[in-house]
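Before any questions on binding or motion, here is one chain by itself as structure tokens, the form predicted alone.
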Amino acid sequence: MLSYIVKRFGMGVLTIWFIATATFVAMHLVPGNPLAQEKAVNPVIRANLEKQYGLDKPVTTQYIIYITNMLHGDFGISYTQENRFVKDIISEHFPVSAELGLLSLFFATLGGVLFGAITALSRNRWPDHLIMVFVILGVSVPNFVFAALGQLLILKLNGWTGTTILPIAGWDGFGSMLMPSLVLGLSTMAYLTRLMRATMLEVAGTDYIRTARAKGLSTTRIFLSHQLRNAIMPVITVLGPAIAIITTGGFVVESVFTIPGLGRYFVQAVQQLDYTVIMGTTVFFGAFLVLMVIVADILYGFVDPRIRVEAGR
């Protein structure tokens, strides 16, 4: 198991290096100039700015400096936000995105496992058909549509009650977190519901389930001890990437609900060609995703003994 973990971390480091290199190359191939807004500035001042940000050096030298600084946790200074280091932007705003993402993941996991189990137990009956309709909507409808509908629903509820039950936007207290987290977690909940339904139906036809029924075990015990436990293992595999994607990927939701998370700053950086912020946040997102995938693989190995046996071989 130890060699398996070491191998996974080695592949993770290689993946992060590839993400950093690809991001650096892409940023230098994008048309435009990060100092384009400084066109009216005196050429001497502009040359000083390029020297300050290292844009006057050859691309290979810039790449070496970029990788070296990244290894020390330094992603540079923002081109558009005065005197702000990229690492400070990440450390300040990522906790907001993480808080939103973890609550979204809680709703998505709870709903996905619950609704997936219900659809599997009521296969081809009305609960199954009704839930699968909502699953199709959750997978196919974009987040910004659900975000707008969620704000409209809050507006109607506040109007009917004559008081502010939930805020329409902002980030102040648990009430302001509920609707954005539900909206952000809907697509993941829909995917987990489909996955849980498929795996539970697959497990239901296995030999050990038939043996448990032949032994006279109750339906509840078979469901909890055998069917649910084995069907949930593929969900654990998916949770690693899901944690990273939900925790860092609420760009649209954060913009609609005016949440001061890291996603909003990433969108602004793309619009303003802020190279250092784009590269820093992209590498950070990629590294976080790789880490969550590795953690999920390791947890899966502890949950399923067959992984440990195969790793030992």
Partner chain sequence: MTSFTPKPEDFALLAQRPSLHHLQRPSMSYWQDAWRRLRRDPKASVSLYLIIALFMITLFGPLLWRVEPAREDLDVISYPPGLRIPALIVTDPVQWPGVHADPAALVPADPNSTQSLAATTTIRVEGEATTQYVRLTWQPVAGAATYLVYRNDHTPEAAGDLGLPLFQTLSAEELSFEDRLQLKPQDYWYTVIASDGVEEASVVTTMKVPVQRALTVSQARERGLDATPGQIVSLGAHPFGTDTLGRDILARVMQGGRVSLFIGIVAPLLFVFMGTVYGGISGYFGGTIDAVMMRVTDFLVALPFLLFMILFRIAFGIGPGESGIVPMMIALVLLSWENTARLVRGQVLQLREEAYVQAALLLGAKPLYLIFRHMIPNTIGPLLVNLTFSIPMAIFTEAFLSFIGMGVAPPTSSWGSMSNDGIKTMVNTPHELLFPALFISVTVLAFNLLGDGLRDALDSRMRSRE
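Positions refer to the first chain, counted from 1. Because the structure is a prediction, the values reported are computed rather than measured.
Beyond the structure shown, there is the form predicted in complex with its partner chain, which is absent from this document and is the topic of what follows.
Contact annotation for Arg194: at least one heavy atom lies within 4.5 Å of its partner chain in the model of the complex. When its partner chain is considered in the model of the complex, Phe144 lines it closely, a heavy atom lying within 4.5 Å. Remark: Ser140 counts among the residues lining its partner chain in the model of the complex, judged by a heavy atom distance of 4.5 Å or less. Taking non-hydrogen atoms only, Met292 never approaches its partner chain to within 4.5 angstroms in the model of the complex. For the options Leu110, Ile165, Leu152, Leu130, the residue carrying a heavy atom within 4.5 angstroms of its partner chain in the model of the complex is Leu152. Here is the short version: of Ile136, Ala169, Leu157, Leu102, the single residue with a heavy atom within 4.5 Å of its partner chain in the model of the complex is Ile136.
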